[in-house]
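So here's one chain in two forms, each on its own in structure tokens, numbered structure 1 and structure 2.
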Structure 1
Amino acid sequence: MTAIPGLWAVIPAGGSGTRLWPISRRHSPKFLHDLTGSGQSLLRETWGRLSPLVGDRIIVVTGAAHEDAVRRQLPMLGYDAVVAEPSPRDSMPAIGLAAAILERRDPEAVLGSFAADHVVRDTDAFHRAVTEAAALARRGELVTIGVEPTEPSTAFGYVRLGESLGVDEAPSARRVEEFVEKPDRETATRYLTTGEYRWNAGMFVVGATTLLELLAVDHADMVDSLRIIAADPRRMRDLWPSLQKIAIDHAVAEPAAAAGRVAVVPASFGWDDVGDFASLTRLVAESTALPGITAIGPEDDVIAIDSTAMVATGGRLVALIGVDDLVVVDTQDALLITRPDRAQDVKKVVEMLTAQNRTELT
């Protein structure tokens, strides 16, 4: 794979992955973990599939609490390639700051934003999709990569496909009709039946200046602050807290789509956001030798008799007898037992612990 000229990879590495508690915590979020048994953390895997596209043109935006861990996991990156945000402000300020930094370095720079904690199985297909997206971005488009849905998921937003754009360098490209919030099961099933919808995986490719111009339509003050911080990082501490907490979808993608400014490259490359234990079970099930058991950690730490479960071990023996369809996560200070169909509710435990001021467990 030849690197794409002028393309920079921006890796937002934030969030705490509350649906994967107690594996993922505020101090050690899921992107720092090897959750799939690959031998690498999700962050390292993300760097590995992006570096052939961009070489060393990579910026990681992460929380100040995780800066040292990110640098340890990616020692090949230069000092300026890791940007630490003082507090989480959602995806738009993080990606916007990277855009402002890149704009100062190269006014023609194109950035691709790809989360640090996602899984992609077919790297070649991913590279082809990004190549098409970069060609569209150079034409002034805000581009999202729409992932072909494999089930009527209610955990993801959707992108509705419009007309073909007829661009030779991006033959798959379509106009985005609209972004749709997470639907209920009946609606999601209808979306798949039409064939007109793709999952919104939160992957965006766009010119750095174009992104800031689109953001300035409704958030001019944020753009001013981001450009000031990019010019003088010492201003981060006093300006960052004033930035609105908002996702890039709401700040830019949805209004730009309504104005006919967003393109989509539909693609299928085995994508998963590893959003909960049900998702994680599907990802690692094929690599487990124990009948009926999906193991994260040493399989010798699990004894299962007439049982089916996903088990994440923390150094102690876990024995299961005559139980089915469980998720068991054992760590040094917390034990989680649930079912895959309740995986989305794990975040409620974190919310309760926070309300009880037991943040040392979150």
Structure 2
Amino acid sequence: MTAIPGLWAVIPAGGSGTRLWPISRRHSPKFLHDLTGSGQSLLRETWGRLSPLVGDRIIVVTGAAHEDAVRRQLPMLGYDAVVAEPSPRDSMPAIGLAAAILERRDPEAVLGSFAADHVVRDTDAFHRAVTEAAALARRGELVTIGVEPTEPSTAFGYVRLGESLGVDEAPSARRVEEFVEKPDRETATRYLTTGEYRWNAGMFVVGATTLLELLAVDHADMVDSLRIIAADPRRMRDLWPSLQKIAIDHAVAEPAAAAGRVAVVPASFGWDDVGDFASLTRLVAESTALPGITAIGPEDDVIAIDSTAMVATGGRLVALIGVDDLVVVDTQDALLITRPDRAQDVKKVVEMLTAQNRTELT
């Protein structure tokens, strides 16, 4: 794989990941952890997936509380490659600030934005999709990568494919008809049947200046503020808190799609956003030594008799006897036991702990 000229990777490293408690914590969110047992944190894997495409043209945008941890995990990044947000304002201000910084460094810069906490299993297919997307972005398109659904998921938004764009360097590219919100199961099943929908994986490839121009349509003030901060980072403290908390999907992608300005590269590369322990269970292979058990951590730390479970160990032995379909997550100070179909409710535990002022556990 050769690098893509002029492409910058922007990695928004945010989100609290409360549905992945007790691994993911307020002070140590999901992207800093090796959730899949790969030996690397999700952030580190994201860097490893992107660096062949962009070399050292990488910007990580993260919360001020996580800046040190990000720098420790990515010591190869220069000082300017990590941008700290004083407070979380969702994805638009984060990616928009990266765009404003990049257009100052390189007026022709194309950025690809890829979350720090997603998993991609087929790196080659991912690279091919980004290469096509970058080619389209250089032509002025806002490009998203639409992941082929493998099931009628209700956890993701969808992209409806339009006509082929007929671009030689991006042969699979299509126009985006629309972005649609997370559907119910019935609707999702219909989406799959038509073959005309892709998962919105939140991956955008776009010229830095193009992105700011699209954003300026509805949010001109935000663009002004972002460009001021990019020119003088000392203005971050006073301007950042005034920025609207908004996702890039709502601020730019959806209105631009409605205006026929968004392209999509459909692709299939084993993507997941690792949103909860149910998705983690699907991502990690079942143990060969322990049939029925998906172990995250050393398999020797699990003893299972007549049991099926996903077990994330935390340094102690976990013994299971006659239990089925469990999710067990053990950490130093907290233990979670649930079932895949209740994985979305894990955030309630964090809410309860917060309500009880037991934030040392959140």
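Residue 1 is the first residue of structure 1, and the numbers go on in sequence order from there. Being a predicted model, the structure only gives us computed values, none of them experimental. The term rigid core refers to the most C-alpha atoms you can superpose between the two forms while keeping them within 1.5 Å.
**Student:** Pick the form predicted together with a further copy of the same chain out of these two and give me its number.
**Tutor:** Only structure 2 fits here, because that chain is the form predicted together with a further copy of the same chain.
**Student:** After superposition on the rigid core, does the Cα atom of residue 67 shift by at least 2 Å between the two structures?
**Tutor:** Shift of 2 Å or more: no.
**Student:** How about residue 34 - superposed on the rigid core, does its CA move between the two structures by 2 Å or more?
**Tutor:** No, shifts by less than 2 Å.
**Student:** 2 Å or more on the CA of residue 298 between the two structures, with the rigid core superposed, yes or no?
**Tutor:** Comparing the forms between the two structures, which are aligned on their rigid core, residue 298 does shift its C-alpha by 2 Å or more.
**Student:** Would you look up how far the C-alpha of residue 355 moves between the two structures when the rigid core is overlaid, in angstrom?
**Tutor:** Displacement of the alpha carbon, after core fit: 3.1 Å.
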